Structures are given as structure tokens and as C-alpha cells.
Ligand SMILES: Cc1cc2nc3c(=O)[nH]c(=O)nc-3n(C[C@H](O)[C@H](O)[C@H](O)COP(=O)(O)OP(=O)(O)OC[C@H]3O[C@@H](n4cnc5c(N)ncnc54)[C@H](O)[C@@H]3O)c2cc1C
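Coming up is one lone chain in C-alpha cells, specifically the form predicted alone.
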């Protein structure tokens, strides 16, 4: 949390540079980095907006959140919340429900019609953003706030990228996504749909753009050779999910049949299998060559799929697709834990086979761009997200292997700030991060048990037959309670403990929001303040001679 925590004393003051000869260590206040903030790929200042939310100032919390992420209602539904995996509270009872509070704030903003504030001045610079997925939308948002004129060229018929065409509606309702995209466009961002960029160099010249951000998503499905002849219906997962969105008028909902097999182990495979159940499949089976522990899909999604009746065949691989059936070979782990074929086969009935083996980004638009380096389908960028071609930046699926919405939003933000610096003739450098507020630095005896709030879930019957949203949101009472579970790791929240326990009255209160300062004329360096600070915002340092 960014709050002042010290004052500057006049060198002539009776308090300055007088430390006392009896001390070997003195206390000092500091701000440490909360682990939730450190783990967030979008770089959100999570602790700051939780602080505002717990006091009931939801708009301030939302505005603090959207400094780094313009899509909180979306992210509150689709982010895999690595922040919660890093939360210190999990060592007490359970991590803070950061993701659920984020969703509450995002939904509250949509309900109340909160808008972003347009910049007062324009830079006169023009930036092209290719792709209206999470990376492109994030970059466009940040660039617009910085005063640049932004145009997004999107090849598809609607904005959102894989958020729209790769994430089913039962996880992300489209009215939520549309509302958050509209808020970005309202900043003055030009959005051109059905605009495919074949030649980036030409597009930049024609539009008189000064810089470019590439946020092309991974929409091309990877294939695998499976002997099938003309028997079985073999589709790819990206096409199945895209057709569910009605991307093109001629497209219909996929006819997958009563028995559907999905080949793959990622989140896309889970999404397709769960979609098949909702389309009426009596059997929806995921075939994956490794064990559940090695499955790249997130465990909670696997669990939700199992609840909905999706079946799993781990340590299995598909060898052949025949008429109405598949030949599956069983695998076994070798001494190094790698799956090996066993020569044992079984037959699985299937009306269709859906391949969910990963995706690649379409990089054909980069053919005439000099200086770019592409390694295994990934555009290489430097620390500022710039490619080998000056002024051309990239992020999201095409510039990394960790392909999530949160990572893409973080890439877009980082690239936008680097583009702004580059346009102004400088170079963007992120501020150095302070030391981590690890659990052992907290004094948790001050905190009482507070069980994590459980979010409401749609009943199983409706989950199997409709595309209604599965996971519900928190109400105001629960959202406030959840925000108050935050331990404020590493940052003073003015609990007055140090002020109350100091035996020498050496702690000076500076007033609400200003924190404290030590009077070293009286401080003996006993360290009681450090031992009694709940959040670990004081440390002992060697005495200066």
C-alpha cells in the first residue's frame, strides 16, 4: 500500500542524528511487498484495493484495481488467482478470496456505471494495436490513459479474443465482457472489427502510426496424426468453442453426438468436455496420456468437470479412430515418471473426437517486418516487451508460453508503458521491488480465525443442461468480510500496536494516514515494536556510528 510512513527531520532538530550510545540496533518502518501482489501476473496492487474495499469505498477500490487491470469483472471469473496461492493467510486458515472480491468490484462498477477518466492532454502520437484480446485491450487502455490515439485492428467479428471465442459462457457471461470492453472503447479507442492485418509494415504506414503493439491470440489449433480414414468425425477444440459463440452466421452449434471423446489435458480440453455435456452428450470422456497430477488443467476445473459427469481416462493415448469407436492404448510410467506405451488396447465408443492439443498464434502478418526473431512460434521480446524491430512491441499468446488472460493483461500494461517511454524518447524501467513480506515476518497471534467465504455454485442438473454461469458472486456483506481477512502483510495499517507497547514513548503518531516515526532520543532499541507489529512493517537495523 502506498502510504507515507516517515517524516524528514531538520538536521538542527533535537531529534535528528541523536541515537544514544547504548543501542546496537534501531527500529525503522518499511513497506514490504505482499506475496499476493508479487504473484499477480497483471501487477495489481491487491493489498491496496482490498484496504479500500474493506472500508466500503468500493469505487475507490475499483479505481485502484483498474490502474493495472481494466477487466476486473472478467478477471474475477476467469483468472486462476495465483495471488491466492501465494497468500500468507493460507498458513492460518485459508487464503483471502481475492478473486471473489475482484469480481464483486467489477460487477459493482458495471451495475453503477462507473467510467474511466479520460486524460486531459493528448500526445499527438498514434499507436496501432493488432488484436482485441486481453493483451490488446489492456495495452489500448493504458495507452489511451497516457494520451495517445489508439486504433485496434481485430480480425474477428467481435472484440475479446480468446475470452470470447475460447472461454465458454458458463464461465464468462458475454454481457459482462461486453460491458468492460465498451468502457475501454469509451476512452476514445478506435475499434475496427473484421480487419485482418496481412502486412504490418503496410498497415502502419497507411495509418501513420508511430508505434505498434501486437496482441495476436493463439487461435490456430495444433494437430496430431491419428489414423481415421473417412470414418470418425474429428474436430479441433478451438473450432468447437468458437462455433459456440456464433462467430459466423453460417456456423451452427457443433453436432458432437451422444458420445464425445476429447484428447488433451489442458483447460481447453476441460472446457470442451463440459460444453459437450451441456449440448446433450450422454458420455463426455477426456483421454490424457499422463496422470492427473501432471495434467496442465487447473485442479478446480478438473474437479468441476468430474462433478458434471465428465469422465477421465488418464495414462491413455488414442491410436486410431474407426467408425463409431476409438482404439485407446494404455500407458504406464517408467522409472523416471514418463508415460510409456504398454501394448494394451481397449475400444471406446465415440461419435466424435475433439483434439485439444494446444494452439499457435498466426504470425503471417510479420513476414515483411525486419529484425523480428521467432522461436518455436513465439515472438522474442526484450524486458520492455519490444521485438527486434524498433517501435514494434508484442505480448500475450504470441510472446509467451504462459497463455492466460492475467498474463496477457500484464503484458499489455507493461508494453504500453514501454511504448509511452519510447515515443517520448526514453526507456521504461520498472521500479525496484522491495523485499517480500513472508509469513515468518508476521506476528499472527493478533489475528482471529475467519473462514474463507464460499461462493455460491449452480446446481448440478442445471450445470449439465444449460450455459448459465456456474460460479456465483459475493454479496456486499460477504465481499467486505472477505476483504477484511487480509493481513496487510508488510505494510502498516495504523493499528497503534507499536505506539501502545513502546516502553519509552519513542513512537510518534503523525495523524490518520500518515503512520508513525521513531524518536531516537528515547528509543533504547529493545525491539518490542518489531515483535508486536502484526504485519511485519518494522525491522531492526544496525545502529549507525
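Positions refer to the first chain, counted from 1. Keep in mind that this is a model prediction, so the values were computed, not measured.
Just so it is clear, the following notes concern the form predicted in complex with the ligand, a form of the same protein that is not shown.
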Practice problem: Could you tell me which of 443 to 451, 112 to 120, 88 to 96, 391 to 399 sits within 4.5 Å of the ligand in the model of the complex, going by non-hydrogen atoms? | Solution: 391 to 399
Practice problem: Report whether the minimum heavy atom distance between residue 133 and the ligand in the model of the complex is within 4.5 Å. | Solution: yes
Quiz item: Are any of the heavy atoms in residue 216 no more than 4.5 Å from a heavy atom of the ligand in the model of the complex?
Solution: yes
Quiz item: residue 160 near the ligand in the model of the complex, any heavy atom under 4.5 Å?
Solution: yes
Quiz item: Could you tell me if residue 418 has a non-hydrogen atom within 4.5 Å of the ligand in the model of the complex?
Solution: no
Practice problem: Identify, from the list 387, 316, 404, 142, the residue with a heavy atom within 4.5 Å of the ligand in the model of the complex. | Solution: 404
Practice problem: Could you tell me which one of 330, 294, 258, 171 places a heavy atom within 4.5 Å of the ligand in the model of the complex? | Solution: 171
Quiz prompt | the ligand in the model of the complex - contacting residues of 164 to 195, heavy atom within 4.5 Å | solution = 166, 167, 171, 195
